[in-house]
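Take a look at this single chain in structure tokens; it is the form predicted alone.
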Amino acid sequence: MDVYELVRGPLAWVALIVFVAGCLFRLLSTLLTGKKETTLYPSTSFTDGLRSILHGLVPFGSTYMRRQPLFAVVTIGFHLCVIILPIFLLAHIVLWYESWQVLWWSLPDWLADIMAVWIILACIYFLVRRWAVPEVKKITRTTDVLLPVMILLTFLTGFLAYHQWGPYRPMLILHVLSGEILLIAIPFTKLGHMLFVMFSRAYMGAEFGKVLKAREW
């Protein structure tokens, strides 16, 4: 078994199993260990929680986004691309078909290229912003730098491998391996916010909307 078959086969299964198991563990542990504090003004407002979730999905809905339009545009585009591109990329769909004989709609090549470039430039922007903005630099930790680098490496190597720019085989192996490392990291790092963002927004909406009679945005 060569290196490519190793990363595409056994290591891919390991990454997928760790990702699924890690996500389930984080979600279940949060739900089972969480407890409601006894407070003078209980915060049990389903309406405020739901409104907070919906409001968080509206571009430029929050004051923070409106005050930093460039950051908002880059961030919104980044999150959309980083979710949509891996799922609807033709090369990935072909791999799913080879393994499971399932097919779905794919992105046109030109759009996939634009989304990949957006992610790459966004990661560079996030890294520069970490050091260029004083208030962000103060709270920056090592993982805050490593995570954008991991995402950048995954999509950059995939982009280069797809267009066969540079040594194709090593680039493809590096792309698959970095993607697997990224997948494993999701449940155990700040990337896990993809699992808990709805819970946190619902909680903030219930707390601030009912207890303090104010909006969290």
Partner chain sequence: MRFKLSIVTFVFGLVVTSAVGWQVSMAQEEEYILAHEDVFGNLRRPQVGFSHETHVDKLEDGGCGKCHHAPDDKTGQLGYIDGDEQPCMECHGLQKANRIPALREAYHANCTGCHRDQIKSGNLQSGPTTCGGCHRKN
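Numbering follows the first chain given and starts at 1. Keep in mind the model is a prediction, meaning the values are calculated, not measured.
The form predicted in complex with the partner chain is left out here; the points below concern that form.
Asker: At 4.5 Å between heavy atoms, is Glu135 in contact with the partner chain in the model of the complex?
Answerer: Result no; Glu135 lies far from the partner chain in the model of the complex.
Asker: Is there a non-hydrogen atom of Thr75 within 4.5 angstroms of a non-hydrogen atom of the partner chain in the model of the complex?
Answerer: It does not: once the partner chain is placed as it appears in the model of the complex, Thr75 has no heavy atom within 4.5 Å of it.
Asker: I'd like to check something about Gln68: if you look in the model of the complex, is any of its heavy atoms closer than or equal to 4.5 Å to a heavy atom of the partner chain?
Answerer: Taking the distances in the model of the complex, the answer for Gln68 is no, it never comes within 4.5 Å of the partner chain.
Asker: Does at least one non-hydrogen atom of Ile114 fall within 4.5 angstroms of the partner chain in the model of the complex?
Answerer: Heavy-atom contact with the partner chain at 4.5 Å: absent for Ile114.
Asker: To verify the annotation, which of these, Val145, Leu103, Ile124, Ile84, has a non-hydrogen atom within 4.5 Å of the partner chain in the model of the complex?
Answerer: Answer to the contact question: Leu103.
Asker: Are all three of Tyr64, Thr140 and Gly192 close to the partner chain in the model of the complex, meaning a heavy atom of each within 4.5 Å?
Answerer: The answer is no: none of the three residues contacts the partner (heavy atom, 4.5 Å cut-off).
Asker: Of 25 to 33, 146 to 154, 166 to 174, 181 to 189, which is the one stretch near the partner chain in the model of the complex, taking non-hydrogen atoms within 4.5 angstroms as near?
Answerer: Contact criterion met by 166 to 174 only.
Asker: Given a 4.5 Å distance limit between heavy atoms, list every residue of 86 to 103 close to the partner chain in the model of the complex, or none if there are none.
Answerer: In sequence order, Leu90, Ala91, Val94, Tyr97, Glu98, Leu103 come within 4.5 Å of the partner.
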